[in-house]
Each structure stands twice: as structure tokens, then as C-alpha cells.
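Below sits a lone chain in C-alpha cells, taken as the form predicted on its own.
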């Protein structure tokens, strides 16, 4: 098997500061976490911007740039920027990071869907939250549709092509693979395709082995066994480690981090680098080597750190 690509998703737009004191949202904390994750074995660092005062998701391009520059100064890991943004962000705001900062890798979400984390709000009383925005954010997601129309996907892919930014296709359900096949037929996508199976989000496919094998079978039918590489996200604990361990065994790749799961073991809050260390340790038990950033750039045909805009 080829070396395991480990992605560390540091903060995301869903996890709120009240859930864990380890969630990074200042520039310094994000850069420090990125460096620690890279040292632990993460070759890709996945980035969302947060307001450094209160941790709220942000689409501020100047802030995004400061985060990217701070991380690049500390590590040669591949930086993958989000275009998913956060609840209520317009597609135009979500994609601006690509033409503005021209990253090596950026997410491209492949279909509209219900995307909800409102059950998390049941764990807290209203006076438990550290910041006023958190309760509204979590509870409001019950009525949220994550919009990714064919028009917006086309626009995102066109922006990525202009900057030679490689898309990481976020696949939340089987139909998203068929949407991707259509974009391939339109000439907007090049092989080999880099897939990120996002499993366990309320509104998307569940994080089970049955569903993972169904995604893999479908991807192989559509793109050919040599036409794609894949990684997996398991939302929540223990799904994160169940799905990533399956990926290790099946020849796929793994994403961990506080964006997707806050526990390093049951009932024990973890830091980002501890989640990376755990999946690297599991990979070692299966004699699966860990990919370096240089190897990832070769495997995914990335343009290189010297050609980013930050």
C-alpha cells in the first residue's frame, strides 16, 4: 500500500468552544496546533478561519491570510483551505479564499444537503455557553440546508483551475459521486480525483463499514480503480477512529481533528495532535507507513508550496 496520508482538520465550523477548551481559533493557537500535528505525522492541514475574539466562523479574507501565513511559517505541510465555510455563508464568500490566497488544495463540496448539529445543543443549558453565538449556531442548524448547486460547484472548480488549486471533493452521500461524474464529463475535473468521504454528519451518509464499502464500490464503477484516491472522515467518537482504521486496512487515507471529533478516547477530550498521534499509532500496528508532505504533493499532483499566494 502507498503511504497513509493523514489530514488534520483543526477547527472546522461546527465544533464550538464550549465543547472543548482545546479548540483552536486564535492565529497563534491554529499555527501552534498545525505545527504539532505536522510533527505527529499529518501531511495535510485543513483550515477554517475563526474570529480570534470569540471563535465564531469567519469568512474574513485578511484573517484567513494571516492564519495561512502563520502556518506556512511553521511547517511545510500541505494546507487545504475550506470552501465549505459555515452556516449562512454565501457561496461567493466561501470560494473567495481560492482566488485570494491560491492554496495548493481546497475543498469542493459535491451536493446540497441538510446539515445539522442541533442535537449537540441538548447537552448544554443556555447559561453553559462561553459565547452568545454558540447556542444560536447549533440550534439554528436544524433548519439549515448546505447549498452546493451545480452552478456554484462549476464556479468553484473554475476558480480552482485558474489558480492551479487541486480540489478535494467532499462526498457526504452516494449521489455526490454521481454529481462528480457529471462534472468530470463536463471537462471540469481531472484524474486522479482526490475524494474525502464525509461520514456520520446528520443529513448525510452514516459512518458504517457497509456505507463505506458502498461508496468505494460506486467510486470504482464511476472513476475506475486507478482514477481516484480516497480519504475518510468519521464524524464523532468512536466513528472517527473506526472509519480511519478501516481506511488504513483498505488502502485509503485518514482525516482526524477537532473539526470532526473532540475525544481521543471515550470521555477524554483530546488535542488535535493527540488525535493525529493515535491514528499514526494505529497505522503502525498495521505496518502502514505515513506519507510526508513531499510524498503527498507527488501523489496528489499539487503545485507546491512555492506557488501559493501567501
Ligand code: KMH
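All values derive from a computational prediction rather than experimental measurement. Positions refer to the first chain, counted from 1.
Unshown form predicted together with the ligand; subsequent notes refer to it.
Figure note: of the listed segments 181-189, 197-205, 118-126, 210-218, the one touching the ligand in the predicted bound form, with heavy atoms no more than 4.5 Å away, is 197-205. For the three residues 17, 33 and 272, a heavy atom within 4.5 Å of the ligand turns up in the predicted bound form in no case. At the 4.5 Å threshold, heavy atoms of residue 240 stay clear of the ligand in the predicted bound form, well away from it. Taking the partner from elsewhere, residue 141 is found to have every heavy atom lying beyond 4.5 Å of the ligand in the predicted bound form.
At the 4.5 Å threshold, heavy atoms of residue 236 stay clear of the ligand in the predicted bound form, well away from it. The ligand in the predicted bound form is not approached by residue 165, whose heavy atoms all lie more than 4.5 angstroms from it. In the predicted bound form, the ligand lies within 4.5 angstroms of at least one heavy atom of each of the following residues of 106-141: 107, 109, 115, in sequence order.
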